[in-house]
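The same protein chain appears twice below, in two forms, each given on its own as structure tokens and labelled structure 1 and structure 2.
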Structure 1
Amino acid sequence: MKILNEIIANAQKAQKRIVLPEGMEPRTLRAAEIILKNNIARLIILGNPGLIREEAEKLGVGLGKATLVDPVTDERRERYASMMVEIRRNKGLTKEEALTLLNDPLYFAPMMIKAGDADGELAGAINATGDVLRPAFQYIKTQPGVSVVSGAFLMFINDPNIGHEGILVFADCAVLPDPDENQLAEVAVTTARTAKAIVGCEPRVAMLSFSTKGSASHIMVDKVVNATRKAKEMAPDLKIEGELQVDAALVKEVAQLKAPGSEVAGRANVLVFPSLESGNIGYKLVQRLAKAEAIGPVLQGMAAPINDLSRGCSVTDIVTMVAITANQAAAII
């Protein structure tokens, strides 16, 4: 796929340092070999170096140029712990507690980024989303002007007439269980930025609901209507339409009936779901039933790139997500 090739080429140029906290995980090690062989990123792999090398040897994987770092013994622990105490001063974190947290690679990795010792992180092949995200939220936090992190998926549909040449960007499918109207507006704006930066398209954002332009009235519809208005205020140049049912967002004939004259309806390339339930179920339905390739979640709104994998991820998914993380670190995304 053309876009994926561009993402890999950008990563090769950027040569960012990506930290992989799940150093003993076989798919991660197999992906690391591919990433290093193809010069996609510089890798820092966390864990006990002796055990990682043993596991790599068992798998027949070469980790030649990777830097192996043990969070339990690394000499930077003291410095990182002091930084953690400072960041969590208002939460009363003690140095002792910080040192204990640093034994966990999911805390050590964001602290490497915070200290400038790494540029991005990818985890989640064996850890739940919440466990990957919590340390990132606490120590990396959000970008200026953004209050919530959300997760987008690039959906590659087998029909070039849908979205942008067959690509749709879905959000939020990974993070915010029940966004309020302000958060939903932010998700719309940050997802539009992700679409522009990764897919290279002019975003046309549909704010999804079970109602189109007043066809139903309900408090849940009001949330989407208000979020649409707020997103337009936040980004007046953005093409955004709501509330729309998904058929009105994607199908021209339906759009003509339900939302005539809209710049977005019938040709949306960004779909913003009203809740995590709908977003997470929606992307998995399209992935499994329409056999679309789903890449992500690409986390948006974080102050540094940290991405989360699905535990069902493949080696190829890990390679692609490292490349996307490197693109984000290079501020290409």
Structure 2
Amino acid sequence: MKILNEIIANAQKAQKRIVLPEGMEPRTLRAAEIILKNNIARLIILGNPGLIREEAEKLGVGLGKATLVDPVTDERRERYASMMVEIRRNKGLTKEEALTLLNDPLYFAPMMIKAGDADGELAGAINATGDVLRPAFQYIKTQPGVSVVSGAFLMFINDPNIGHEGILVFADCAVLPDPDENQLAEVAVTTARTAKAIVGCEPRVAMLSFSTKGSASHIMVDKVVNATRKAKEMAPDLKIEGELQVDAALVKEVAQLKAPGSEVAGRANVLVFPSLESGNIGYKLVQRLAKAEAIGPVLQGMAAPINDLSRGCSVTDIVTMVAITANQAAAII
């Protein structure tokens, strides 16, 4: 698939340092071998180095130039703990508590990023989403001007006339159950950034609803209209239109009837859903009925890229998500 090849090529050029906290997980180690052989990223694998090497040997996996780091004994623990205490001072975190937390790779990894010792993180093959994201929320936090984290899916459609050469970006499909209009505006802007950073396209964002340009009146429509206006204020150069029904967003003939003159309607490549419910249902319908490939969720809005895997992920999923994480890291200025 052309875009995946481009994502991997961009990662190879960027050579970002991606930290993998689940150092004893077999799929992660198999993926690490592929990533290192193909020079996709510089890997930092967390855990007891001796045990990691032993597990890799059992699997017949070579870890090449990977950096193995033990969070329990690493010399940077004191520095990281001091940083944690400063960040969580108002929560009463003590140095002793911080040092205990750092024994957990899911806390050590984001502190590596915070200290500038890594560029991104990928975890979740054996850990729940909440356990992966909690340390990130506490210590990495969100981008300037962004208060929420959301999840986007890259949808590979079997029709090059839809979206960007058959690629659509859907959000939010993973995090926010019922975003208010301010949060929805932030989701729109951060998803546009994701599309540009990973897909490499000029984002054309459709704010979806059951109404197109005033065809229906409802408080749920008002939320989308207001979110569209606020997104335009946040990113004046962004091509964004709302509210739009999904057919008006994607089909040129429908767009000409329902939203004539729009530079987004009929040509959208980013679809922002009004709620997690609709976004999650939407991406799974397209995945199952249209036989589209769905990659994600790609977490967006964080001050540094930290992505969460499904616990049912494959080795290929991990390789792809490391490449995506590297692309996100390369896009952060």
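As the structure is a prediction and not an experimental result, all values here were calculated from the model. Numbering runs along the sequence of structure 1, starting at 1. Heads up, when I say rigid core I mean the largest set of C-alphas that superpose within 1.5 Å between the two forms.
Requested in this report: Assuming the other structure does not fit, state which one is the form predicted on its own.
Outcome: Only structure 2 matches the form predicted on its own.
Query raised in the report: Which of 93, 230, 128, 147 lies at the hinge where one rigid part of the chain turns against the other between structure 1 and structure 2?
Result: Answer by hinge criterion: 147.
Query raised in the report: Can you give the angle, in degrees, through which the smaller rigid part turns between structure 1 and structure 2?
Result: After superposing the larger part, the smaller part appears rotated by 16 degrees.
Report task. Enter the rigid core superposed C-alpha shift of residue 241 between structure 1 and structure 2, rounded to one decimal in Å. Result -> Value for residue 241 between structure 1 and structure 2: 5.7 Å of C-alpha shift.
Query raised in the report: How much does the C-alpha of residue 256 move between structure 1 and structure 2, in Å, when the core is lined up?
Result: Here the C-alpha difference is 8.8 Å.
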